[in-house]
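Given next, in structure tokens, is a single chain: the form predicted alone.
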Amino acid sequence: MSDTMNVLLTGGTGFLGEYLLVELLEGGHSVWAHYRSESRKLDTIRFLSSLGLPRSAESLKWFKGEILEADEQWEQWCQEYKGIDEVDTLLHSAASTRLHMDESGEPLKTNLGSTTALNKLMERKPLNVHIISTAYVCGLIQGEVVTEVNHPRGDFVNVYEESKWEAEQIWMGKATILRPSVIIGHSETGRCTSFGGYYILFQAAHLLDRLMADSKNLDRLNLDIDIPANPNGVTNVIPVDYVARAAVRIMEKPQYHNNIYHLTHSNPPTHEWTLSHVCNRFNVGGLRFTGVGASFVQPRNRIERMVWRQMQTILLHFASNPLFDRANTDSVIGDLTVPPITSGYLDKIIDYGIEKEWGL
């Protein structure tokens, strides 16, 4: 392992950010963690405390500010937060995960704006830079192998992917680019604080189960609903604890910095496997994949209308089916086991989502 790092972490109160904090602190590194919300900071402190972290008062310090103005606020931060100027590493995890542009300009505002501001700051305060991107900067891909390279602009499924691609172009050659796939709950506890994306299918099935309880005249095992997506496509999901551990392990090896790494699953579940498990879990049937581009039958009743509305969002997550090469990642941390996506694990993250009422 390299010498300990003194890390400036953005997004420290986010879902992934909390686990990055765990790995950094357990690795003996010092962290200046950025936050914007006092309540989220307190939630993160409680979470760390439940794990016995931090182990020393000096290993974790907090600072509050606007990352979009990092280059302008740096001097003020140095005056207000004594010792922050001693950081030697930037881990940029803060991001907006909105899939569509909103009236305020998100996710471009945060994902591209923060990159621009931090890149300007690096001209005054050089740091070893590591950024959390997404493996889906490759754009819309059907079943092809995607390598760990700088991709040309593609046809993106959503604005989030596009904003991450644009941010990568600014950092390319000047930062270690860490590309996780779809991040989901902890491999052992199922813990999660964000229930979008992959979780939407689980939420829809849970809602469908409850609606069916009030619809005695419908046969819940023969719903006869077609889903226009490829059953053999895969959703590359990865537990949050693996992503955090892999990212920090790579950061700890300076000789491998300034490269691109896919923090992805080597054996992701197919859409068919996931749907089959979800249907069995909630005792519903008659949902089937009919292939990309197949027609979507208009809803015939209240249940189908609900499914149809949910599918408008779910289909976005079935649309892109790349296979991710991990040559760079495996050459550096190939000994780090990727937690398998099993039926037991899927039940664990579903149970956690239900317990937390899907974050509503």
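Being a predicted model, the structure only gives us computed values, none of them experimental. In case it trips you up, residue 1 is the first one in the sequence shown, and so on.
Unshown form predicted in complex with a small molecule; subsequent notes refer to it.
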* Does the 4.5 Å heavy atom contact test between Leu60 and the small molecule in the predicted complex come out positive? -> no
* **Contact label in the predicted complex: His130 to the small molecule, heavy atom within 4.5 Å** => no
* Interface membership of Ile314, the small molecule in the predicted complex, 4.5 Å heavy atom rule -> no
* **His34: touches the small molecule in the predicted complex, heavy atom cutoff 4.5 angstroms** => yes
* Specify the contacting stretch among 115-123, 177-185, 249-257, 276-284, defined as having any heavy atom within 4.5 Å of the small molecule in the predicted complex. => 177-185
* **Heavy atom within 4.5 Å of the small molecule in the predicted complex - residue from Leu16, Ile341, Val22, Ile350** => Leu16
* To do: Work out which of Gln203, Asn230, Ser93, Thr235 lies within 4.5 Å of the small molecule in the predicted complex, going by heavy atoms.
  => Ser93
